[in-house]
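Just the one chain here, laid out as structure tokens, in the form predicted alone.
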Amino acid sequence: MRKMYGAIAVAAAMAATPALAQIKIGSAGPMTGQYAAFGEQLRRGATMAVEEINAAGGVNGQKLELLIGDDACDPKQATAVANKMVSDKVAFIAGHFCSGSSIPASDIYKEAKILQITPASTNPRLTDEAIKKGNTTVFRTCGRDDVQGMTVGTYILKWHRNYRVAILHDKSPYGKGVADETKKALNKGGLRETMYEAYNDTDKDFTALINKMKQARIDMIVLGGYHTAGALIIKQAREQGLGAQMVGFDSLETAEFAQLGGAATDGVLMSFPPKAEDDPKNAALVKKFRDAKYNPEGYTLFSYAAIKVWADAANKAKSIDAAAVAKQLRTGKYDSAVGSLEFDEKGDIKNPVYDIYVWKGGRSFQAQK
């Protein structure tokens, strides 16, 4: 009987001993809706990073558990996702995708002392406003729209200075932001746009807008918006006899753009950072994605890099505390799938680079510099 009681006591003690706790982290973006292709990029990159980190022993000896949040690129839904991440006690968030989601969510993460690294939100307001509020735990592994707008503006001034330009935007923080930065660069270079118009990203028929551009004899469309509307605009423009060149930005970098727009997307230009998936040093990593039947396009490797960089900094800091990791991130350089990353005081990467790409046959290729 005493032996039985002893066995029960040991069993009870073992049952009361908690398993080694996992560190919860999150990835958030548009997992559903018209921008779901980008949410998939973020999810795939985050999942691969977590799998590799766990296989290598985790962060500070603890495994990671990845939680996925779907904000549908909607600011209200983004705040709901952020609050859910807080209640789930995540230590870190890799997200969001849309600037209009990342900006309001960042205030919630700040209050909860959760470090945030966005792989894709490019609006300067995210880090500019965060630092003014004393929020030092917001970072990004991508560039900013002021750099992107300058890149596109410089390209137009070099190759198409005499074009009649229409600048369009979808009213979102991202779309209007990048359009305005390009307008600023063009105007500074002496080119005044012929048209500056807003559209709704949910529109399906752009006939009135295209007729207005035809009447204005537009030669170039600068598109500040996402791939879904961009594909419809260029397709309908060709169908209605408008041959204007389109130039967009990083939000066109998904194969879905060519699938939606068909042959009309051939010749469309866009800005995007140097493609990490084409870097020879990432060959083995890219093969792992493709072996899993996924092409790591667009922001996939930026999402992967965000989690890897956070894990590296947390290991160096020997802590997952947001302030401690943020301090470590601002120290030195971090080798990543998207290049050597060095962060400034705002949390932006130093010396970001954008190239100009051209779509042809359903893929984008680097254009003439």
Partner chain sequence: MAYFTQQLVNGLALGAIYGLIAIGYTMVYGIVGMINFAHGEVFMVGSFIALIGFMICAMAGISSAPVAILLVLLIAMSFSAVYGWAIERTAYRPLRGSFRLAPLISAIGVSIVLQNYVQLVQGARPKPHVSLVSGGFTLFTSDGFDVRVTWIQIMIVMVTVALMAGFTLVISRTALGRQQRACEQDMKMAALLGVDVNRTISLTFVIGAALAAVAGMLFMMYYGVIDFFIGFLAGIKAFTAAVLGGIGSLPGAMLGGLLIGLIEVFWAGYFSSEYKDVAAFSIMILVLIFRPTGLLGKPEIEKV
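Residue numbers count along the first chain shown, from 1. Quick caveat: nothing in here was measured; it's all calculated off a predicted structure.
One more form of this protein, predicted together with its partner chain, exists but is not displayed; see below.
Q: Indicate whether the candidate residues Val152, Thr154 and Asp355 are all in contact with its partner chain in the predicted bound form, with contact defined as any heavy atom within 4.5 Å.
A: Zero of three within 4.5 Å in the predicted bound form.
Q: Name the single residue among Arg125, Lys158, Lys288, Lys214 that comes within 4.5 Å of its partner chain in the predicted bound form, judging by heavy atoms.
A: Looking at Arg125, Lys158, Lys288, Lys214 one by one, just Lys214 meets the 4.5 Å heavy-atom criterion.
Q: Could you check which residue among Lys184, Lys113, Arg164, Lys235 gets a heavy atom within 4.5 Å of its partner chain in the predicted bound form?
A: Of the candidates Lys184, Lys113, Arg164, Lys235, Lys235 is the one lying within 4.5 Å of its partner chain in the predicted bound form.
Q: Please check if Leu64 has a heavy atom lying within 4.5 Å of any heavy atom of its partner chain in the predicted bound form.
A: Although its partner chain is absent here, Leu64 would stay clear of it in the predicted bound form, with no heavy atoms inside 4.5 Å.
Q: Is the gap between Ala326 and its partner chain in the predicted bound form 4.5 Å or less for some heavy atom pair?
A: No, no contact at 4.5 Å.
Q: May I ask you to check whether Gly241 falls inside a 4.5 Å heavy atom distance of its partner chain in the predicted bound form?
A: Gly241: yes, in contact with its partner chain in the predicted bound form.
Q: Asp312 near its partner chain in the predicted bound form, any heavy atom under 4.5 Å?
A: Because no heavy atom of Asp312 falls inside 4.5 Å of its partner chain in the predicted bound form, the answer is no.
Q: Work out which of the listed stretches, 314-322, 56-64, 334-342, 37-45, brings a heavy atom within 4.5 angstroms of its partner chain in the predicted bound form.
A: Among the listed stretches, the partner-contacting one is 37-45.
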